[in-house]
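The data below hold one chain only, encoded as structure tokens and taken in the form predicted alone.
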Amino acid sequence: MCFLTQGLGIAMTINKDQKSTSISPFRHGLNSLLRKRVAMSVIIVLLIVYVVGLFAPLIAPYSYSETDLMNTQSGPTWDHIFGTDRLGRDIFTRIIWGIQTTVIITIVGLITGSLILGVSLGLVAGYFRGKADAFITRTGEVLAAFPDILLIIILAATLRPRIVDFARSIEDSSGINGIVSSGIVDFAVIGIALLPLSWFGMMRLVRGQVLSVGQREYVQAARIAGASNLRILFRHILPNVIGPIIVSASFGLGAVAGTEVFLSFLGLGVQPPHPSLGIMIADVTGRGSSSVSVLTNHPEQILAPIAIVWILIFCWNLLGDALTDIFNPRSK
């Protein structure tokens, strides 16, 4: 009877161990994330901001280009929660549309740069090694040697006239108007300017993870069993390096948001009349005595866009710290 009881206990222990090991690292990380109150609070705030930006046409009370020259530089009222700017445009409306601009740029920059280019090149460099690894790594190191913001400014200033001319030629040949004024060209300029620098950090991270995971027994067994390279990469390697990718992407989103605002502040990003948080900050902090008067009498015109930028960067960094604690065993 004693041996039977011990046997049942051992069987139950093995069964529990098998169930615990059957949970994927991603699912285990998701369960850990749900138990972190700070992380969940940050996610809720980010979701609210992004939903507001994505549904700006439905939420904004006015048109972002609607002017009222009889009601300029007014303070907060019931009709205009944050007041109006120097052209009588509703600041609350322009902040909502500025959030949409930042949301679109961060999503496009993340998908095209970090995820598609960075993850793909990292998988290729870490798995195939050899000449492919050397070429990808050296190319990234050459680009990374340039000062980041200087290279982005040069690319944005150089590419903008050419992309604008190309878009206008499409308008003339097809009869479709509004391509340039819609802001698509501005999004393309910023996305292309960020592309050369946004992929290298992710590529280097994924490459290191692939070099480590590629030596595991299950990867060697899949290779011996005759599995194709694509199956090994996307079925056995990528799911086991998804944690660091998520952590890096969360930090990168905050950086992309800050860079977009900075480029628009310098006049190299989104162009008027399309709203941007950077443009709104630049309008208030321009040179001259009028800007000083605006800052003194109507500080809400600059505090509101700066607060949104701060919330985005701060929340993404907090979320990145939480994800690092979850997916990085050494931080525990």
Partner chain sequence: MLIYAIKRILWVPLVMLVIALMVFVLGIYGPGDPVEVILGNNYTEELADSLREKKGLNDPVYVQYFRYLGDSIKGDFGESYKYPGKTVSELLAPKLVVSAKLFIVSILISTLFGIPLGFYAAIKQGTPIDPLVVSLTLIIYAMPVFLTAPFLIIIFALELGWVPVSGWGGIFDSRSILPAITVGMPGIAVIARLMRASTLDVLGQEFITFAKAKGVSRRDVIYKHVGKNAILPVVTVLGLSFSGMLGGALIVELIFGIPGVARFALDAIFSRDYPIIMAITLIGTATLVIANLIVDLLYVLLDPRIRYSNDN
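Keep in mind that this is a model prediction, so the values were computed, not measured. Numbering follows the first chain given and starts at 1.
If you look for the form predicted in complex with the partner chain, you will not find it shown, but the lines that follow are about it.
When contacts are defined as a non-hydrogen atom within 4.5 Å, none of 37, 191 and 232 contacts the partner chain in the predicted complex.
Checked against the partner chain in the predicted complex, the candidates 225, 116, 170, 143 yield a single residue with a heavy atom inside 4.5 Å, and that residue is 143. The stretch among 211-219, 102-110, 135-143, 79-87 whose residues place heavy atoms within 4.5 Å of the partner chain in the predicted complex is 135-143.
Although the partner is absent from this view, residue 149 contacts the partner chain in the predicted complex, with a non-hydrogen atom inside 4.5 angstroms.
Of the heavy atoms in residue 62, none are within 4.5 Å of the partner chain in the predicted complex. For the chain shown alone, residue 129 is not a contact residue for the partner chain in the predicted complex, no non-hydrogen atom being within 4.5 angstroms. Although the partner is absent here, residue 323 is not a contact residue: none of its heavy atoms lies within 4.5 angstroms of the partner chain in the predicted complex. If you take 253-274 and check each residue for a heavy atom within 4.5 Å of the partner chain in the predicted complex, you get 261, 262, 265, 266, 267, 268, in sequence order.
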